[in-house]
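Take a look at this one chain, the form predicted on its own, written out in structure tokens.
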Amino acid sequence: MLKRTFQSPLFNMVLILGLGIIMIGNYYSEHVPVWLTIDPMVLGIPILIMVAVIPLYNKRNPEDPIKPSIIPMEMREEDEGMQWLTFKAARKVYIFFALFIPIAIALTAYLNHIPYLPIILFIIMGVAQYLIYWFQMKRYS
């Protein structure tokens, strides 16, 4: 369960969305409603608990441990089929970024009166890349 949670694109999407909302609420509190100001520990404590549980998980499941790595867990292909699916998903994410980044720059320049707009665009980009990956994997599984 813990390994599936860490490998799930949904976990990363929730993490990006949560961090973005916390950042907007804490750094732009004069521009957003009060209910959007969230204590960073709301997200930090569950992450610390999950990280603390990893050694216990690895001890109980020595045949399938969670190994910390810089490489995202989605990129660890087990066979050629998974490598092909990852290639297809990465290609779609690259195309999305190639199209979205110029639009995001134009929006940032045009809507410069919204100080937290770049953070919202980063949140959209982060969540969208995981959605693209997730739908690509679901399509062939």
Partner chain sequence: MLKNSVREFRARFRFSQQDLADKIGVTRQTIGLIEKGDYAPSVTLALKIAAVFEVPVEEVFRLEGEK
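Remember, it's a predicted structure, so these values are computed and weren't measured experimentally. Positions refer to the first chain, counted from 1.
This protein has a second form, the form predicted in complex with its partner chain, left out of what is shown; the following refers to that one.
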Review point. Since the chain is shown here on its own, which stretch among 96-104, 80-88, 65-73, 27-35 would lie within 4.5 Å of its partner chain in the predicted complex, judged by heavy atoms?
Key: 80-88
Review point. Do residue 135 and its partner chain share at least one heavy atom pair within 4.5 Å in the predicted complex?
Key: no
Exercise for review: Could you list which residues of 26-49 come within 4.5 Å of its partner chain in the predicted complex, counting heavy atoms only?
Suggested key: none
